[in-house]
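Have a look below at one chain only, the form predicted on its own, in structure tokens format.
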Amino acid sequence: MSAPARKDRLPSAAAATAHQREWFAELHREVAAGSPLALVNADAPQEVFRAMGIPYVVNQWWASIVAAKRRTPEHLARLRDRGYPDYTEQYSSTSLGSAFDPDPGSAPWGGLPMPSIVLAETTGDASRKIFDVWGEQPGVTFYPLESAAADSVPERWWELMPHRWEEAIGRDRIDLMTGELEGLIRFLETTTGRRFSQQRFTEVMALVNEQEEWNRRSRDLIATARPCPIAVTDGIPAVMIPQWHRGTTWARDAAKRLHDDVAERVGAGAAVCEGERARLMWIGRGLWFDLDFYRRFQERYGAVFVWSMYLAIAADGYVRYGDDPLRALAARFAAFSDQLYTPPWSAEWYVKEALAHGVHGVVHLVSDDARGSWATTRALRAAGVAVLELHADNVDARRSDPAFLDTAVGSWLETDVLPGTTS
């Protein structure tokens, strides 16, 4: 999740990337010394591992590193050579390719150490199969979490989540996830010998809430700032690297540093693009194999990506207050995928964010495994927002030629977006 080095890079983004490199080097040393290691999906309740002192790597973070280093094709080839599909859910299966690397030391950042535990919510058939294969590897145990659905959907869920999450998500779904988390804790205590401390877990949950409150303030600053003060390629690592460390004082303080950087730039009237002409929203996962993509359009057209889901979901999707920390954690993740991918949860939220940020257009990356993308596009267009759908994969460049992407976005800007803005 690194971005190209620039002299004007946001200090909090540079600090987060440097911290991640130091952390990963230390992780290698811990695992070499015999520590257990977990590989966890991005939408899984990592706070349990944090509280128990069990190191973990986030599956999709590792895929982003591999993609940024242009190494995804060889990872997918290892899957293909073993008879597994290399064309579905590549963002989730890249790390599995690392497990079959004959020379892991030559991989980016020294390679992904072999985990002993993998944790994921079983959100689809392909996802379940990927982790089943993980569970077949020597020394690896897959702990699956159910993916539950709701009969009814709350309006303006983002207003309910901090305190009224029981009402927003529903008791049955939270009961199910709470029971599964209790089972996960027993499993981890039995297999690792590490103990779960209720006091430590409560501290972790409080730090996460503090961190996300800083992210909310940062999101709100950027939404109202004209011109846009930071590059989206700075905002993403400045938010997401601390997210993978949430529940630590470092992560909370990193979120505050991002807020302070943004506030300073807003106060100074700083612009990431002099002569900003259009404000754009990027819906979808980061385009990790081509991080220069976003900057090209501000340089050619004065069109600035002011929004990504990473800061916005940090602001609206994580905060959970309550007297029962384990139940609050269950409430954080029982409907997490709904918030991003399931209409009307997702569609209404994207419209709310587009209007709050005053965007002139939305570039919507639609991957094969994304759920509900059509509803998001329809809702945005119904709200009067221009939308360009890019059907591509965010880590697999085989179907995402940069020249095609540039032409598609450039033509859309010239015909649908820029004529309606004031230059």
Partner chain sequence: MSAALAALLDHAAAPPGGAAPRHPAAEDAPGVLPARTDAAAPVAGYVGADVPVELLTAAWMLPVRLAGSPAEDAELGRGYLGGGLDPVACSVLTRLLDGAYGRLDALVVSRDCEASLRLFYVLRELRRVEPEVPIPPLQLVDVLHLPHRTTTRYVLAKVREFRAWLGELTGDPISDDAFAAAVAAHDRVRGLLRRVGDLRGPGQRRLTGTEALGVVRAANSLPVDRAENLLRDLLAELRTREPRTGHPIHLTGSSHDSPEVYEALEGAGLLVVGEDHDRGDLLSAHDVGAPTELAVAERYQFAGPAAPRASIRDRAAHTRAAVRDRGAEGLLSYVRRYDDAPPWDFPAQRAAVDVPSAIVERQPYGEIDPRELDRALAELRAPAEVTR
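Numbering follows the first chain given and starts at 1. Quick caveat, the model's predicted, so the values are computed rather than measured.
What follows is about the form predicted in complex with its partner chain, which we do not show.
Looking at Asp175, you'd find a heavy atom of it within 4.5 angstroms of its partner chain in the predicted bound form.
In the predicted bound form, its partner chain stays beyond 4.5 Å of every heavy atom belonging to Thr191. Not displayed here, its partner chain is kept clear of Gln211 by more than 4.5 Å at the level of heavy atoms in the predicted bound form.
Its partner chain in the predicted bound form comes within 4.5 Å of no heavy atom belonging to Asp323. Exactly one of the stretches 131-139, 102-110, 197-205, 238-246 approaches its partner chain in the predicted bound form with heavy atoms within 4.5 Å, and it is 131-139. Checking Ala150, Ala223, Leu160, Ala271 for any heavy atom within 4.5 Å of its partner chain in the predicted bound form turns up a single hit: Ala150.
Residue-level contacts in the predicted bound form: of Tyr301, Trp250, Phe187, Tyr341, one residue has a heavy atom within 4.5 Å of its partner chain, and it is Tyr341. Three-residue candidate spot Leu96, Ala126 and Ala347; every residue lies within 4.5 angstroms of its partner chain in the predicted bound form by at least one non-hydrogen atom.
In sequence order, Leu176, Gly179, Glu180 are the residues of 176-192 having a heavy atom within 4.5 Å of its partner chain in the predicted bound form; the partner itself is omitted from this view.
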